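Just one chain is shown here, as structure tokens, and it is the form predicted on its own.
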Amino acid sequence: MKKLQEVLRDWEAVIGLEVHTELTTLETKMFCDCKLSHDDEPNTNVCPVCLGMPGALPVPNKKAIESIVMAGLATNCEIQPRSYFYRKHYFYPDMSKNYQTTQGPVAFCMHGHLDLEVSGQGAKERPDSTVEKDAQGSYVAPIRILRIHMEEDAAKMVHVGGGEGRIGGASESLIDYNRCGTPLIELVTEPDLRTPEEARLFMEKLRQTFLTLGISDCSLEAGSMRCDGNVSIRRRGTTEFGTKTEMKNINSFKSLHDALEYEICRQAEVLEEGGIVYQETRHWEPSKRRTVVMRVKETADDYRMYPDPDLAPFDLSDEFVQSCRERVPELPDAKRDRYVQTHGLKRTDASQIAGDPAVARFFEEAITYAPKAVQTIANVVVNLVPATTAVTAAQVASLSSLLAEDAITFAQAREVLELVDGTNDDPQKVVDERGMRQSTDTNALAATVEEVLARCTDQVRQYKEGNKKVVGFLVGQCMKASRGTGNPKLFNQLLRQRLEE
């Protein structure tokens, strides 16, 4: 099978995403007062409404409506003043009503967009000239959002048992209805994505946005955020859509990229050999790195959708939408730009910090302790502080001040972080107690430099012959001679000055 970049020279991929996000930060389900939880004993958070008992009447969750309106505002959607809930009919054990309550042609949020900044290796996936690239090959891809609609999640099926001849290795399927009725928003893009990398970046940006809004924990591992990818291909220069296939329930950024990459290359191979691409739903198998057929794709007519007679039309007042607008916090792109403009951070560091609300809060607390070491704090937060650490913002600020003063090296900073993790110890105190503070006494360091140059005559000769790389070796010898107490930057500077004399 051809490689992706080779395929994309002749074929253009047309990709659309359907992103499902559970509103996990709410307390109750979408249409009843049952507790929202997936970790309790099975079937303990249920009632006649979420079990679909005859005569039970649903009541919409106002906080869930607020959440979807905030999601729409954050993704530049038009908020619709009137929309309806529909019944989407299908028979499956995880939906006891035999229909799913969802929205019809007009959703709460319509016609939005997100702009993707694509750079580095990912930008090379798009070899065509339909986007304007800068000198580094980076470009901005505007991705239209068709709609964001509200629906309820299905129950959870658990397959257990086993034995010879059992399908999938299980002999029984159990159903936990605790999840049934969980508020779920589905965002549907237009088919504007052209590469697997663009699809991955879109998912990442959407996750960052929803986390910042605080409407979901967006856990791909736990399934509270999952994605279906639709993809077709067409010859470059043509505009007619090809036959699409759909990858269901992709639960990681890497799987999304890899599944789309495989499917694009598979479809190209089928068409180039004179075959036919069928409209079907496929499953991504990460272990075998391939997609396999699940079923033939249903059409909209199969669902027999019509307005839910138990739910009145939903009217959103201007006051309600404005109250939601006022609750939308500073979004990741705006926060990134503020970090760059106000604090002078590198754009990559600013993006990484702004993309995670917890990290952004930690960073902003840390810079209140050491406002003169902002860029060093950003470097420490991005490169040294893992997500599982228990260090405080004050400790990171103290450590960053040491780095900014060249009192310790980055390697020593990593060691100090490990020492203070989970304690109330001040990194400054730890550095002094362990004799880790580096000397910046130029006279003392110059004496060490003279000593090292006197005994490393071979490296001195190599430097004078043009091998400048030996300075690294000489810095190491100086650090060894000073027992790690000398500042390596100053050693490097002094060595070069002395060698050029």
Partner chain sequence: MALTQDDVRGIADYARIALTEEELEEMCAYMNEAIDLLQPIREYDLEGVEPTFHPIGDLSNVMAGDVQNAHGRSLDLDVALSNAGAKQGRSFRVPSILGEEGGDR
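Just so it is clear, the model here is predicted, and its values are computed rather than measured. Positions refer to the first chain, counted from 1.
There is another form of this protein, the form predicted in complex with the partner chain, and it is not shown here; the text below is about that form.
K.L.:
Given a 4.5 Å cut-off on heavy atoms, tell me which of 261-269, 358-366, 311-319, 118-126 is the interface stretch with the partner chain in the predicted complex.
P.N.:
So the stretch in question is 311-319.
K.L.:
Counting only non-hydrogen atoms and a 4.5 angstroms cut-off, does Pro48 reach the partner chain in the predicted complex?
P.N.:
The answer is yes: Pro48 has a heavy atom within 4.5 Å of the partner chain.
K.L.:
Does the partner chain get within 4.5 angstroms of any non-hydrogen atom of Asn61 in the predicted complex?
P.N.:
Although the partner chain is absent here, Asn61 would touch it in the predicted complex, with heavy atoms inside 4.5 Å.
K.L.:
Verify the contact flag for Ile65: yes if a non-hydrogen atom of it lies within 4.5 Å of a non-hydrogen atom of the partner chain in the predicted complex, no if not.
P.N.:
Heavy-atom contact with the partner chain at 4.5 Å: present for Ile65.
K.L.:
Consider Glu41 of the chain shown here, and say whether it contacts the partner chain in the predicted complex, taking contact as heavy atoms within 4.5 Å.
P.N.:
Looking in the predicted complex, residue contacts with the partner chain include Glu41, since a heavy atom lies within 4.5 Å.
K.L.:
Just give me the single entry in Phe210, Tyr177, Trp284, Tyr339 that has a non-hydrogen atom within 4.5 angstroms of the partner chain in the predicted complex.
P.N.:
Exactly one residue meets the criterion: Tyr177.
K.L.:
Which of these residues, Leu453, Met436, Leu26, Val470, gets a heavy atom within 4.5 Å of the partner chain in the predicted complex?
P.N.:
Result of the distance check: Leu26.
K.L.:
If you look in the predicted complex, which residues in 323-354 sit within 4.5 Å of the partner chain (heavy atoms)?
P.N.:
The stretch 323-354, when checked against the partner chain in the predicted complex, contributes no residue at the 4.5 Å heavy-atom cut-off.
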